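One chain comes next, on its own, written out as structure tokens in the form predicted on its own.
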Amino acid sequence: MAIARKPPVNTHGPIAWMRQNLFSSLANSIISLVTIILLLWAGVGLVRWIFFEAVWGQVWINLKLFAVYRYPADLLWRPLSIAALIMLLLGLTAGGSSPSGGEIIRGVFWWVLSLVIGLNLIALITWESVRWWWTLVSVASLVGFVLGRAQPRLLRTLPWLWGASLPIGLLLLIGVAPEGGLRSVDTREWGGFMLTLILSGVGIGVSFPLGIALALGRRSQLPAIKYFSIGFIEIVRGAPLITWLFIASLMVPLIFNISPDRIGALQRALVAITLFSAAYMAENVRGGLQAVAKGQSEAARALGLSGWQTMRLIVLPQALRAVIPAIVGQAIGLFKDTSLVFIVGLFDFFNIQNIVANQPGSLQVPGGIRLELSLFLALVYWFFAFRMSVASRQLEKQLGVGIR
């Protein structure tokens, strides 16, 4: 009789993956076991410290500082109303998007909604003054999603709604009256994570079209436009962001011979961050333009398209598609680089930790609470940076980047 053979080894599932990637040879098995033991040891120590040794009380009682800094407590309904409006529109966009093409926006919506619900739970327990406003933000998010699923035709009005939300939000934050619930709030009172979102959102949103314009200007045949673009890009990229923030803070009033109070610290920081990001964005876009084969534009011109039509319809979409990873990487870097705005006297999310760490309650903790604050900041930054990275990979997959 024929000798019975052993059953074939499974090639699917977690055990097969571990056999192929972690224990494929004796050397890999030893390295994998040592790494797993070290990770378990470090993980157990970190969990023990987080839940049994760390002091988190000062973080919870300073949530307002971390969120909005010195924004008046009786006016917190204004930034939370803006958050409710944004989540309502985000829910509408996610709910009304198609099942095949809306994966990215739905992923962003559920990711941000999880944060909103978490903050709502914290507010219900420890933040009495705004607990119902956070509940409003959560309800507005779900209402927007359900409404988008039930009425997909509302997607036609979304561009107008998103466009209108920007001036409405700005007016609510600044205020339009001398006193009362809509009284003006000086931008020096802004801070915390609200300021980080404003700086990064405006910096990324405005630097993108500016970067495209500079990249196209660098390829222009007109000497004035070409050399202006080259000079701007090379000068700005030749110094770090902290230098330009120093210049915006100290040298701009001297150059224009005006009082430093004439230009607010927030405006100076926004200009410096936006122009700095635009210079790097221009080089990313220029790399994408160079990656597009010359035959593409030649074929377009042969079909009768003008130079502007060729660039707008043929070359530029392919160039931007090729540099999605670089653009998203720059956006993530800019989101974290906003921590440098302390140079111009602003207190963003990162800089609030210095205030909290030097409070009397924090100094009474043996060893201080710097480690707790650093872990808290790292977790928040990771939450948003990771979501941007995931959205980038989804967009690359959807557009077929790297696939012939």
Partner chain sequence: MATRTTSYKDSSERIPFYRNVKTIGILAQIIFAVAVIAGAFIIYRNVATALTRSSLPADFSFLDSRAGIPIAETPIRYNPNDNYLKAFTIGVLNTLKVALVGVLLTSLLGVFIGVMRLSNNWILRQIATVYVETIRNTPLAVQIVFWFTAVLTPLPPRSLNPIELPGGALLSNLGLAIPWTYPSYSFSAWLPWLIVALLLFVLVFGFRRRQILLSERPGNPWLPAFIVALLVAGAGYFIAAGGSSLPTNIASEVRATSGVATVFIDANQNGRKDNDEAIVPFAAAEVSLSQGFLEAQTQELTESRQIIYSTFRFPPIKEKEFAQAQVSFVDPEASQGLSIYFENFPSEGVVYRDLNGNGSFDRGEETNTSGTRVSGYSAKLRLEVTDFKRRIVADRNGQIRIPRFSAEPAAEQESAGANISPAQLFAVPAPSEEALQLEVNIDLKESAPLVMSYPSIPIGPYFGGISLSTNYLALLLALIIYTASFIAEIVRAGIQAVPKGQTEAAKALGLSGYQIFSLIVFPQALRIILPPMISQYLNLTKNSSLAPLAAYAELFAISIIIANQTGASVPVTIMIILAYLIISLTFALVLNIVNARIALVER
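Residue numbers count along the first chain shown, from 1. What we label the rigid core is the largest C-alpha set whose atoms superpose within 1.5 Å from one form to the other. All of these numbers come straight from a predicted model, not from anything done at the bench.
The form predicted together with its partner chain is left out here; the points below concern that form.
Proximity of residue 160 to its partner chain in the model of the complex: non-hydrogen atoms within 4.5 Å are absent; the residue sits far from the partner.
Using a 4.5 Å cutoff between non-hydrogen atoms, residue 353 counts as a contact of its partner chain in the model of the complex. Proximity of residue 256 to its partner chain in the model of the complex falls within the 4.5 Å heavy atom cutoff. Taking the partner from elsewhere, residue 64 is found to have every heavy atom lying beyond 4.5 Å of its partner chain in the model of the complex. Three-residue candidate spot 177, 303 and 323; no residue lies within 4.5 angstroms of its partner chain in the model of the complex by any non-hydrogen atom. Heavy atoms within 4.5 Å of its partner chain in the model of the complex map, among the stretches 144 to 152, 72 to 80, 304 to 312, 222 to 230, onto 222 to 230 alone.
Of the listed positions (205, 240, 181, 99), a single one reaches within 4.5 angstroms of its partner chain by any non-hydrogen atom in the model of the complex, namely 240. Of the listed positions (128, 234, 186, 298), a single one reaches within 4.5 angstroms of its partner chain by any non-hydrogen atom in the model of the complex, namely 234. Along 385 to 399, a non-hydrogen atom within 4.5 Å of its partner chain in the model of the complex is carried by 385, 386, 389, 393, in order along the sequence.
The rigid-core alignment places the CA of residue 84 less than 2 Å apart between this form and the one not shown.
For residue 116, the Cα coordinates differ by under 2 angstroms between this form and the one not shown after the core has been superposed.
Residue 183 is not among the residues whose C-alpha shifts by 2 Å or more between this form and the one not shown once the rigid core is aligned; its shift stays under 2 Å. By 3 Å or more, the C-alpha separation between residue 328 and residue 137 shrinks in the model of the complex relative to the form shown here.
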